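As structure tokens, one chain now follows by itself in the form predicted on its own.
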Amino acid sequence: MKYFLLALAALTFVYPFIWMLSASLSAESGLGDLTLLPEQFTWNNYVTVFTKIPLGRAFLNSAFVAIITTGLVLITGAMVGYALARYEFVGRDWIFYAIIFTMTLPFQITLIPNYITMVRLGWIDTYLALIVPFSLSSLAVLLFRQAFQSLPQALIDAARIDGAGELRIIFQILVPNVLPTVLTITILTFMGLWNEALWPLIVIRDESTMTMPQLVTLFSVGGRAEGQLGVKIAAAVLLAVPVVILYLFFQKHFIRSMASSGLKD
């Protein structure tokens, strides 16, 4: 009974994606059936997507923004997390609680202030507007702090005796010992950045700088898809595939880290 319920729950999550993949390979007339196999198999939906929008350029833009920003999140998150986990200073806990509080705030609250900042810095229609606002993550700080607290202080003391500086301790001693946490932050950050469409829609208007979610959104609702549901679904599949592949490669480490990252003080 337990395995039946687990299988049913798994099917509930997997079925929509399988149907989406099947529908993207079906003719427009076969989209009304909720079958798992394509109706009147065709590649025309994907051909239409690649013909009407510069998806290759948008893919490279998304990959560039997601990779660079994820790297910055790992660097800044590790440094701030280390300071909160190992340094003793006045207000340390209050700073940590403030960071946790920011996780409860919806992104829309800071949307207008961030946009005004981008305008005044002259970063509209540049990659900086897509990268800088997301280069520090409160979730990354939280996970790194918890991971570093679980490591023995003797490891840090030994590194200091050997003459290692703080940056070397963080990135050469501590980070290699918390790789599941690093991979979890990488996957979550990359997924969030890859799927982000609202912020690029606000700060990017030049098509050559648009990210893939932004271009797919404009394609689906802006008229280029000409009301063809199969073409819209094909564009959504192309958007989802990189994230699915990333998760399949690192799912073991992701699950292990999430299972061992309980909060403690």
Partner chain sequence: MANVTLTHIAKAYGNGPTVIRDVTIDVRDQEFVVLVGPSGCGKSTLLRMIAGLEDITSGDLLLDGKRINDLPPKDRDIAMVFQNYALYPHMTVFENMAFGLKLRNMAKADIRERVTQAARILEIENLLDRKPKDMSGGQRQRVAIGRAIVREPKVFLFDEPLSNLDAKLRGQTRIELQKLHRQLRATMIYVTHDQVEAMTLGDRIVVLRGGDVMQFDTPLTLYNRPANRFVAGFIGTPPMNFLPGQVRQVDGVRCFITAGVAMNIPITDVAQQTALTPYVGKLVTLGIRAEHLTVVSVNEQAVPLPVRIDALENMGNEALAYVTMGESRLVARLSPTDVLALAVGQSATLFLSTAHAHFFDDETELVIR
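Residue numbers count along the first chain shown, from 1. Quick caveat: nothing in here was measured; it's all calculated off a predicted structure.
Keep in mind that the form predicted together with its partner chain is missing from the display, and what follows is about it.
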Which one, 182-190, 118-126, 142-150, 155-163, holds residues whose non-hydrogen atoms are within 4.5 Å of its partner chain in the predicted bound form? 155-163
Indicate whether its partner chain has at least one heavy atom within 4.5 Å of a heavy atom of R92 in the predicted bound form. no
Can you tell me whether I75 touches its partner chain? I mean in the predicted bound form, with a 4.5 angstroms heavy atom cut-off. no
In the predicted bound form, does A85 have a heavy atom within 4.5 Å of its partner chain? no
Consider I131 of the chain shown here, and say whether it contacts its partner chain in the predicted bound form, taking contact as heavy atoms within 4.5 Å. no
Hey, which residues along 174-195 are within 4.5 angstroms of its partner chain in the predicted bound form, non-hydrogen atoms only? P176, N177
